Each structure stands twice: as C-alpha cells, then as structure tokens.
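As a starting point, one isolated chain is supplied in structure tokens, in the form predicted on its own.
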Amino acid sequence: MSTSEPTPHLHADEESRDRAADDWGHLVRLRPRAVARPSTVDEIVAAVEHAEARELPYAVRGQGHSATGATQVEGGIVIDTSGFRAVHHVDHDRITVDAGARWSEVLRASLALGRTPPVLTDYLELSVGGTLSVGGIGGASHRHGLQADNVLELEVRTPDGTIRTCSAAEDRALFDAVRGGHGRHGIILRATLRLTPAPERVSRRLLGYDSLPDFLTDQRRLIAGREFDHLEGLAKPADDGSGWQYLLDVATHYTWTPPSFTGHGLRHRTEECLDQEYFEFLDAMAPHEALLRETGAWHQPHPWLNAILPDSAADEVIAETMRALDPADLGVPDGGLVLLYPFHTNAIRTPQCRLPDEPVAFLFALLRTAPADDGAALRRMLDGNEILRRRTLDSGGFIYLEP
C-alpha cells in the first residue's frame, strides 16, 4: 500500500511572489518560487515537507515586520502564517493561540476575561510566533522580561520532522532553544501564554528633558524603584533646532483610584499628564500607523538598528551617537525616531537572548525612515547604523533581532 505526501496549495502568481519578496524594511528583495498560506497545523507541515522533499529552502513569515529579509527566501517557499491565527482557549491565567495570531487579537481575547499578557511590544500587529522567535521587548520588560519569558508552553515542528510540545517542565531543552531562537531549532506552531489581571486604566506621565545625562540618570532611578508598570524613553529634535530633546514615558496601571505622582526628585523640565483606557494606551501606535500609511511613509525603506548596550557603556555610546545624528538621517518627518530605555537583565530568562553581563542594559534603537528614492540618504543611514553596531559590539553589547 503506497502513501503520498499531502500537497499544499501554493501560490506562484506574480503578486504573491512580489509581496513575499518584501518586508517592513524594504531593503532586501529575495523572490520565492511560491507562497503557501496555511490556516492549520497540517497545512503548515505539508508546506514544509513539500519544500524539504524537493530540497527547496523555505522561510516562515508572520506579519513580515523584519527589516532585513529574515522571512524571505530566494527561489524557495515562503510559508505565510498570517491566516493561521485561531484563539483556542482563554482562562484566567493563560491563553492558547496559533503562532500567526497577532498580539492585538490575543489582547482583545484576554481582556474579555479581564486578563492581559504581562509584556506587549509597542506595535500590537506583530505575530505571536514572530516575537517569541526573537524575544519581544516592551515598556514592561524592566519588570516582567520579554514576551518569550512569559510563555507557558509551545507546540513546535522540529527540523527532524516531529511535532513536540515543550515547556519549562517538559522537553526543557527544546523550550529554551526555540524561544528567541530565530527559527533555527523549529517552527513555533502554537503558544500558551501567561496572563495576569488587567487594569481598567493607565495613569501616564510624559517627562521632557534637555539634558541627556539627567534623562539617563532618572531612567535608572525609576527602574531601580520598580514603581512604574511601564517605562520607555525616546529622543526627538529640539523645537528650536539646537539639538535633541528627551522624553521619559512612565505609566502606572489602576482600576479604581488614580495613583499619585510625587515627582521623585526627578530633573525633568516639562511634564504632561494623560489618563487613558488600558487598551487605548497599549494600542497607541494605531493612529500613527494610519497616518504613515496615508502619507506613504509606511512603505518607505526602514533601515532600523536595535542595540542592547551594557549600562557601563551606555552614556558614552548614546552621547556619541546622538551628537553625530542629524534628524534628516533619522527621517523624523516620516516617522523616524529613537527609542532609549533601560531594563534589568535578570528579568530576562530566555537563554537564546544575548545580553550584556551587567545588572542593567539599555535598548538604544535607531528607527529610521529613508526617503523613497534617495539612495544617498539611505546609504548614510546604513553607514550610521554600522558605526553604532561596531560601538555596541566593542562595548560588550549585542544587536537585538540579529541571531
């Protein structure tokens, strides 16, 4: 009796192949032979086995938010999991979803029961499998680690063709290899994520600084106190064009009574107070995305670099980079920005995520947007990124999102 392998439905039309040859970065174009769009585990496995049987390279794509072609493959099969997104089970302490589910869908499903994932990235339209494969950092990481630290169980298709369930208690080696493993040790098919009680509202303070040293010092003080549920920072051009201003974004969750904010002896120059619903706070990128899509900036090149700096080198590397950084080479009018905030390294327990050997590290992210048709401007941005990459590695840091 003979058996035959399942045959996946592959899309080889020009539009499908062109779309799969692009990503958020718009810097790399690797054109696949075909695209699979599975909606079940069996369909994902069929697509992988089809590629392996023909010795074709393949890449698994979630929302295509890579900046450097990580989910593209020349002449092979792209497995687009954006339709593989079911929410299977929600309980008071956990939620189980397909790897292609977006975090916005996870959040909506969990909030229906008054629960939330402890850590969310700034942009909620990323796939669960995508962020768990790289780590998933956000404004709550100084308290709760990465999204990959808040996984209870994974279902994984391993390179030897088996489907295995792994967790901290079962098949721990695979569990530790896959989280933050950039897909090298298997394809995440399904994830059970930790949930915690969700607040109703968020009390938020946006604190403005002219002085980078004061800004960094106050960030360190605040994460040491562990008082705030959310802590991030960013840099933007000064209003008078004289340099950079720094914005410290801190927030506390609450349900009934807004918390008081005493100032903590901080050295900020300006202060803005916001009170928001919890989902509105977490989905703050949504109106910015709509604007960038409207202006076309969403579809321009995004030469991003996310550096993880050791605390001991952060002041020097950040100051040198900001002194040399021209707002034009960030693409500020088109949405370019600098993210800059510290976190406790002992909050991160995902073995595959490389961190400096110090108690505190800083995320220093140059999130650039290049003009659509200006190769010289793009080259300057990439050259600037390479300088920061060298400084980061020389200081004992690492580049987030790079395996």
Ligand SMILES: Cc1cc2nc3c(=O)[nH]c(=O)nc-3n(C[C@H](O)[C@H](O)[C@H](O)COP(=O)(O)OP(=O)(O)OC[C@H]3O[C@@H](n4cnc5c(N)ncnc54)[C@H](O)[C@@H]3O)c2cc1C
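Don't overthink the numbering: it's just position in the shown sequence, from 1. Just so it is clear, the structure is predicted and the values come from calculations on it, not from any experiment.
Keep in mind the form predicted together with the named molecule is missing from the figure; the text below concerns it.
Undergrad: Looking in the predicted complex, any heavy atom of Tyr209 within 4.5 Å of the named molecule?
TA: Because no heavy atom of Tyr209 falls inside 4.5 Å of the named molecule in the predicted complex, the answer is no.
Undergrad: Give a yes/no on whether Arg37 approaches the named molecule to within 4.5 Å in the predicted complex, heavy atoms considered.
TA: Output for Arg37 is no: heavy atoms all beyond 4.5 Å of the named molecule.
Undergrad: Is the gap between Trp244 and the named molecule in the predicted complex 4.5 Å or less for some heavy atom pair?
TA: Because no heavy atom of Trp244 falls inside 4.5 Å of the named molecule in the predicted complex, the answer is no.
Undergrad: At 4.5 Å between heavy atoms, is Asp122 in contact with the named molecule in the predicted complex?
TA: Taking the distances in the predicted complex, the answer for Asp122 is yes, it comes within 4.5 Å of the named molecule.
Undergrad: Name the single residue among Ser127, Gln219, Ser110, Ser203 that comes within 4.5 Å of the named molecule in the predicted complex, judging by heavy atoms.
TA: Exactly one residue meets the criterion: Ser127.
Undergrad: Between the options Gly335, Pro356, Pro371, Gly64, which residue brings a heavy atom to within 4.5 Å of the named molecule in the predicted complex?
TA: The option sitting close enough to the partner is Gly64.
Undergrad: Mind telling me which stretch in 344-352, 55-63, 27-35, 373-381 gets its heavy atoms within 4.5 Å of the named molecule in the predicted complex?
TA: Result for this chain: 55-63.
Undergrad: Could you list which residues of 66-84 come within 4.5 Å of the named molecule in the predicted complex, counting heavy atoms only?
TA: Heavy-atom contacts within 4.5 Å come from Ser66, Ala70, Thr71.
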